[in-house]
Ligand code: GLU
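As structure tokens, one chain now follows by itself in the form predicted alone.
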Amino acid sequence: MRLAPSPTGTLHIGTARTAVFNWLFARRQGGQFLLRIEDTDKERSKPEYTANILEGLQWLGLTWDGEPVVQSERIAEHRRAIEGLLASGQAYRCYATEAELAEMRERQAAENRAPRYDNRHRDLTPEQEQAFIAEGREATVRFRIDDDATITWSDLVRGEMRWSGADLGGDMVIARRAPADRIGDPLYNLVVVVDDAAMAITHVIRGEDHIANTAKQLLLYAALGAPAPVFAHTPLILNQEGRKLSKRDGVTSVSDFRAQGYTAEALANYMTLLGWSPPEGMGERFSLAEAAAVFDFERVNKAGARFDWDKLNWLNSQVLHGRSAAELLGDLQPLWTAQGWTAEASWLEQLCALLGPSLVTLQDGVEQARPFFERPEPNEPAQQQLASEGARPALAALLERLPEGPLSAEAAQALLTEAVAAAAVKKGVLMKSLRAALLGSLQGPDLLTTWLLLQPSGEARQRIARSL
């Protein structure tokens, strides 16, 4: 099995899901999960995208076997394959200009015909070819596709597949335009076949948008005398409207999800569920290793998989709620440090223990921690509470009795009881007012623990005094 991303952008969620399925199948079958960087698009491929892809796969836990193959380093092999096809007559040079091809497509559109190359230069005589060369024309290389050919394969997801050669758009370009004495840059369908054969790839698992490419590539495997791999075409990832997930839907790259505070465990778990149904009794929360033990293509759906944010959020919350305070600190401390927030490790761990049960994403851990590091301005409900009857006397009575330094939970409860009695108010008035004073809001984590965390530094005293 191989993953063959193009470094023309960051690691897309669709590519990552393909990687997950390849990895699971390879581990279940005891095979190898290989990585090939398809960087033959010179203009759009960038080293930073390659780095992003590698980092994203490693973060997700999708380790690959051996060193990644870099496709651009194999151009000589690709050209040799094209030379062989030219020598055997299975490919030929096409001298049609861009203007001629554009005119052909316009005519087809005007006649309501599907766009396809009309194979006009398939059978040029040597004299015709020399005349084009004398004009200074450059040539692409095209692979002959017989309109009468029938291409079939047994797909692991979709069953028996059948394509007609007439539906493949005419003879296929396998090398870009170049002077007639040279072969231009080899193109996608040719190079993947050559590289898959060289890497002894037995299974190709990829999205259903590659089905037409598979029909073309099977013809090339046969022409090159290479064994064809087994194919599995997985369903596309769709948005809530049933359209292919795109940048218009917000985050689409793995690095985007990571920046939003999703964990590798939850994202890998969720991607496994995008098109695959776990066996009965397994549930929807599991590790990659657990999924690999039971993964097969009989449970992969043909229909597109709709992206469900609620399910991803639930999975992520379950992962975070299962973290210990120390583990959560490892996740959150870099985010807090980036905000300029620092404190002793023991205090930070206590804060993690307080916030952990309410987190959905790690970014929630930033926003929920903010009032512990930055003194908040009371929002409108908090201001109304601080201005309500009994609030000021209750807080003043508490402040009058509040000692310096740390407090135990028992001592804090006793102080609350004394302040309520002294101010002659209900305990709820003091508790809501204390929350408003400490957090600037009537919503937040456990109040007593919050107070005990802010008390040792004197911050609790200062916030109560400010509210008065």
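Residue numbers here begin at 1 and follow the sequence given. In this text the structure is predicted, and so the values were computed from the model without any measurement.
The same protein also exists as the form predicted in complex with glutamic acid; that form is not shown, yet it is the one meant from here on.
Mapping the unseen interface onto this chain, L398 falls outside it, with no heavy atom inside 4.5 Å of glutamic acid in the predicted bound form. Remark: Y188 counts among the residues lining glutamic acid in the predicted bound form, judged by a heavy atom distance of 4.5 Å or less.
S6 belongs to the set of residues with a heavy atom inside 4.5 Å of glutamic acid in the predicted bound form.
Contact between R177 and glutamic acid in the predicted bound form is not found at the 4.5 Å heavy atom cutoff. Residue in contact with glutamic acid in the predicted bound form (any heavy atom within 4.5 Å), chosen from H210, K311, R375, R122: H210.
For the options R206, R323, R74, R258, the one in contact with glutamic acid in the predicted bound form, meaning a heavy atom within 4.5 Å, is R206.
Segments offered: 259-267, 313-321, 278-286, 188-196. Contacting glutamic acid in the predicted bound form at heavy atom distances within 4.5 Å is 188-196.
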